[in-house]
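What follows is a single chain, given as structure tokens, in the form predicted on its own.
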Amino acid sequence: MSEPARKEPSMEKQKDMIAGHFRRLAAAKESGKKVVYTFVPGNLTELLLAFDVLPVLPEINALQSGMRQLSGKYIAEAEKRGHSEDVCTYVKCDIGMLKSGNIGPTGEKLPEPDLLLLSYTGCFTFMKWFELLKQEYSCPVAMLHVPYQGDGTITREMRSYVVDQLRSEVIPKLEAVTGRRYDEAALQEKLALSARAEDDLVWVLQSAKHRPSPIDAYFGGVYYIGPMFSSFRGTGDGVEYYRMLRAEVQSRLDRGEGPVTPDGPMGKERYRLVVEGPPNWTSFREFWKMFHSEGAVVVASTYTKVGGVYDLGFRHDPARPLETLADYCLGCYTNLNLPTRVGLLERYVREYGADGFLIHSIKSCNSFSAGQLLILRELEKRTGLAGGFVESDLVDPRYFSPANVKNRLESYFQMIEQKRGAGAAEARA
């Protein structure tokens, strides 16, 4: 048996926040609370909270199932019912969980949705996923179509298109489901809280520019983004969590310490990496150990931007409530075109002083995996640094090969060392 992961006070607070949320969900029907199923990228959490509804995010259910070693049986259940091996494993895990009683992480049953709210942001699978959920539940569906940033910019027309749908499609459905009128002042209060939390999150992520980095912006980063990308943006708990997290990171900076890992404080920082792609959840701790045991810290990652690229300056603006929701949806990482993604990664490599960049390709996730080899080659050309490539999956344990991933990572770290040696030799010459 492995030792339990070590937790800082902010992680304990987050654990309590999440447990409280799932307890409220379990009691939703008794308390008269309405429940909305929605997704992480482009979620409208502040708007939902302004209507006093509880959000459920199927991706979060799936990744939690993966970390609790339940996803394998859920995926098998979905495949037994005809879902292809190539379908996104988040989808299959969610469907299998639903067919197995829809039990949440606290051991309590999740309530059925009163509304399915689809914010389409760069992942076509979301649309098919909600088609499947619509077959399971007798409830209305609200579709918010978000234009893809094909040219790398948000235009006035794109923003207006999304705002018009919020007014004509999303808000009326929420009013009908809840029996409440849209309250713009309540929404503005939530947005102001979001902006405060977003400031602290960005500060935490950018602390990785220091040497040694006090955080791991990929493995540790998935905990940091949890409240922001799920049910706690726009809440006092969210503000308090990020205030607490920032204070903890500042303390590590003051002491010159590196990240805290599940096995305790990380040792000497040897490699600074930028990582593209989501993590593997079924072997998350083992995957992380392959990095920190080698002294490798991830100083920036794209996965921590899947629910918003805040470090480019975006903040929710209470003075423009619906427009700022539109900009948020339009700016999520999976809604960016490939040239924009390459430019963002190059910026991270340079600004965070990375020694290299790594692609973690996910077998069943087209939103991330499409174009990743092109990204890799272009970044190598632009930066002159070594690029690495490993493969696994989100929550399907069949596609995580520890020996293969470890061998590739060790070879990659050797490549970085060779480049360092060649660079030192050129400098001496």
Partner chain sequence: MSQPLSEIVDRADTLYNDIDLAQVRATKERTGHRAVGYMPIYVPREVVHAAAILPVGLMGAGDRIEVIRGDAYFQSYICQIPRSTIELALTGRLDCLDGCLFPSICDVIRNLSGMWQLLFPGKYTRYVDVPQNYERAVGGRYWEEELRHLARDMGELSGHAVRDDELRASIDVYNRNRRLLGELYRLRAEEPWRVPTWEAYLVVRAGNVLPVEEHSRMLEDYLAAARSADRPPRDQSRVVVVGSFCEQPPLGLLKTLERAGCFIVGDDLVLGARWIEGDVSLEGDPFRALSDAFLTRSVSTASRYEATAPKGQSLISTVRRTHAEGVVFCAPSFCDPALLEQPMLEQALDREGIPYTAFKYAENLGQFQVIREQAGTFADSIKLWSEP
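Positions refer to the first chain, counted from 1. All values reported here derive from a predicted model rather than from experimental measurement.
Note that the form predicted in complex with the partner chain isn't included here; everything after this is about it.
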item: Touches the partner chain in the model of the complex: Pro172 (any heavy atom, 4.5 Å); value: no
item: The partner chain contact at Gln165 in the model of the complex, heavy atom, 4.5 Å; value: yes
item: The partner chain contact in the model of the complex: Gln69, any heavy atom under 4.5 Å; value: no
item: Contact flag, Ser138 vs the partner chain in the model of the complex, heavy atom cut 4.5 Å; value: no
item: All of Glu12, Gly32 and Val222 with a heavy atom within 4.5 Å of the partner chain in the model of the complex; value: no
item: The partner chain in the model of the complex: contacting segment from 249 to 257, 329 to 337, 176 to 184, 210 to 218, heavy atom within 4.5 Å; value: 329 to 337
item: Heavy atom within 4.5 Å of the partner chain in the model of the complex - residue from Thr106, Ser293, Ser160, Ser100; value: Ser160
item: Position in contact with the partner chain when the complex is considered in the model of the complex, options Lys190, Arg272, Arg315, Arg341, heavy atoms within 4.5 Å; value: Arg341
item: Residues of 74 to 96 having any heavy atom within 4.5 Å of the partner chain in the model of the complex, listed in sequence order; value: Gly82, His83, Ser84, Glu85, Asp86, Val87, Val91
